[in-house]
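One chain comes next, on its own, written as structure tokens: the form predicted alone.
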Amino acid sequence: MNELLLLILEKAGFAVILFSAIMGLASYATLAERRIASWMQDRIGPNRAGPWGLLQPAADGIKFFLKEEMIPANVHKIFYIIAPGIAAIPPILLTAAIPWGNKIILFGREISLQMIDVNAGLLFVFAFASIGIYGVMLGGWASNNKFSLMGSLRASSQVISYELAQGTAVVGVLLLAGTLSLREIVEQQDTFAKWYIWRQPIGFFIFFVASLAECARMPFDLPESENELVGGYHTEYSSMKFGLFQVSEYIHMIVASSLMATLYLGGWQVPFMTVSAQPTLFESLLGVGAIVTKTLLFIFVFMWLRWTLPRFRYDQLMRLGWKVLLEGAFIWVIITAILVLAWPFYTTWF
């Protein structure tokens, strides 16, 4: 019983820390995005709230909470209200499946730095990731607004199209790893040369582009495109409901970035460093720092591309997803399967 109680307390404590860290990172990602935009456009970014504008995310959060709640007439009220929550909760839950480090030993107790370690972790991630789109669809439909409805239809068709390419691209990693467990996938990339990005460059590129589309980031932000659809699926939303849609977008970006770091860049593995079976506190914290750094690197690239590339037309978006990425992913999986069967060095790799 004492062991069970300790395990519950351990998981509860880790969940609180993880939730706080993810919400904090999502909040400051909004500030980072505005700072990067101002840097690329040669202008001054937000610098009024606190020293160097560091309290801007707190000011934005307070503003969302205190703004007058507006619910337009003729909306489907229940669905209109619950839609932002349905969009925001799945990406938060997904962070529980990401291994944010190996393990840490505190007070003689070994604590895993992964909230839930299931042997089908990758399936869990893809299953929950596909739920969030229901919030977007519901919000667009329940708003009783043609622009919102068109935005939600665009979002759903875009996610379905690019999920296929994304799911197919990751099969190459599964063929090499032979497991769906995210922890075991990281453990197999225990040296810099064994990171899967070196053996799966095409799969990684397809996964990255599909992740941009899944997160509706530039150049794939057609569900929101303000010059065509006013604001897309969240046109009729204000106050904290609009804030939840915004937060869900940034948490999606964090999950996609951490997943790419896990699948292709060795997760918590530090380049040119071998971690012992019983890592010291320093080694454990170094591993956490490694995966966070890789995640932040991908988030920066997401933001960089937003202010660099123009938006695709919708027909171009569909053509890229179905005729380029999906076909390319299938061909790459076949090539990987042939290499795994015919060339033993490809699986052992140094």
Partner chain sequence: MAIEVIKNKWKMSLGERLYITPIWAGMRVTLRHLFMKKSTIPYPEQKVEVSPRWRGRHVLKRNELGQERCVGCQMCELACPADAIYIEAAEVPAEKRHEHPTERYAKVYDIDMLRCIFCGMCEEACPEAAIFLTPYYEFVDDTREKLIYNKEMLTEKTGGPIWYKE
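Residue numbers count along the first chain shown, from 1. Owing to the predicted nature of the structure, the values given are computational and were not obtained by experimental measurement.
Omitted from view is the form predicted together with the partner chain, to which the following refers.
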Considering non-hydrogen atoms and a 4.5 Å limit, which listed residue (309, 58, 296, 285) is close to the partner chain in the predicted bound form?
309
Let me know the one among 318, 40, 54, 292 whose heavy atoms come within 4.5 Å of the partner chain in the predicted bound form, would you?
40
Is the partner chain in the predicted bound form close enough to 100, 250 and 313 that every residue in that trio has a heavy atom within 4.5 angstroms of it?
no
Evaluate residue 205 for contact with the partner chain in the predicted bound form, applying a 4.5 angstroms cut-off between non-hydrogen atoms, and reply yes or no.
yes
Is residue 304 near the partner chain? Define near as a heavy atom within 4.5 Å, in the predicted bound form.
yes
Does the partner chain come within 4.5 Å of any heavy atom of residue 48 in the predicted bound form?
yes
Taking 4.5 angstroms as the cut-off for heavy atoms, does residue 322 touch the partner chain in the predicted bound form?
no
Taking heavy atoms and a 4.5 Å limit, what residues of 254-273 are near the partner chain in the predicted bound form?
none
